[in-house]
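A single chain, nothing else alongside it, follows as structure tokens in the form predicted on its own.
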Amino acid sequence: MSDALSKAPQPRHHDALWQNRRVLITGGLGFIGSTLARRLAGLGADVLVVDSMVPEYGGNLFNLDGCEGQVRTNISDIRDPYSMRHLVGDRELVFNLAGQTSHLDSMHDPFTDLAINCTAQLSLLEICRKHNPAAKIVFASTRQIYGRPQYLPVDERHPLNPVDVNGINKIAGESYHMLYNQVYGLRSTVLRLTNTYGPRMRIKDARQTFLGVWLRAVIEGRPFEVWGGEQLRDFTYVDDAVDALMLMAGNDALDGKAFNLGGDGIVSLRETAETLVKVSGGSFAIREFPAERKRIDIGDYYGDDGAFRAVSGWTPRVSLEEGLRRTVAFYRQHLDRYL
């Protein structure tokens, strides 16, 4: 273990850091939000999750199965300022994970994406500014804001040039959080996530990630399609992403800054498919990109998250092969809950 890592907060082990902390998680019945809620509740935090449970956006009550009595749940929409004013209340920490994640949906229905990923974010910040200005906010952004990379790996200095409406609105959401930190002293920080995967991810369609469709196919005994195949990507296992979010919340030196998050290496889509087949069985076929998807595909992408690792001590703990093995095992047991 490096000196930097040994000195960094270790959120899996330091119960005292989270004991009785009053936490709100928007999008808390979704994939990453529920994993975070489970972790924090296990460490003794007072966790309140809010989720709209709109069918297209990934919320699933089963994601908090076994947490009855440990996590409080409120079915509300981040777009409703009256509900959010009540829910923000006395929360010390707000993990702002609610969002519309489908890039294709953002092109088909741009105004809904605008309402969720932009307008609602500004509304939440205004509520915090007026009614809970002491709260710390961690905002989950996306690597999609960079668009097609002009160079690799992509660091935080890379131009922001998104290829879809979702990316544009996520830039606005980020910018609001940074502005409110700078102008009003509302402590906010941003983590730009890459391809996050793991148990509880959406697998019934490709609204969250293509990997979900692959997982469903292999578990159901069907071949899956890999579009292109040679594109390079980085992946973050969900527990590693949760570690990073918790480190963001626990380090005030990161306020007012945005950081990339990556994974344990760079891998092509073909190699990713081969790894999935290795741990689960099944087969796949390489296909050309559908024209509709090709227009918003970003080509190769892998990020430089060296800045975040340097200031936080974060490092991924779960390899792609191990993460896929854990994920396949989860869905073999609970597939019916996610279809």
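Residue indices: 1-based, along the sequence shown. All of these numbers come straight from a predicted model, not from anything done at the bench.
The same protein also has a form predicted in complex with a further copy of the same chain, omitted here; what follows describes it.
Pro162 is the sole member of Pro162, Gly99, Gly198, Gly212 with a non-hydrogen atom within 4.5 Å of a further copy of the same chain in the predicted bound form.
Exactly one listed residue, out of Tyr176, Tyr146, Tyr237, Phe224, brings a non-hydrogen atom to within 4.5 Å of a further copy of the same chain in the predicted bound form: Tyr176. Residues of just one listed stretch (177-185, 252-260, 216-224, 84-92) have heavy atoms within 4.5 Å of a further copy of the same chain in the predicted bound form: 177-185. Highlighted residues Pro110, Cys118 and Ser123: every one comes within 4.5 Å of a further copy of the same chain in the predicted bound form, counting any heavy atom.
The shortest heavy atom separation between Ile168 and a further copy of the same chain in the predicted bound form is within 4.5 Å. Within this chain, Ala172 lines the site of a further copy of the same chain in the predicted bound form, having a heavy atom no more than 4.5 Å away. Although the partner is absent here, Leu114 sits close enough that one of its heavy atoms falls within 4.5 Å of a further copy of the same chain in the predicted bound form.
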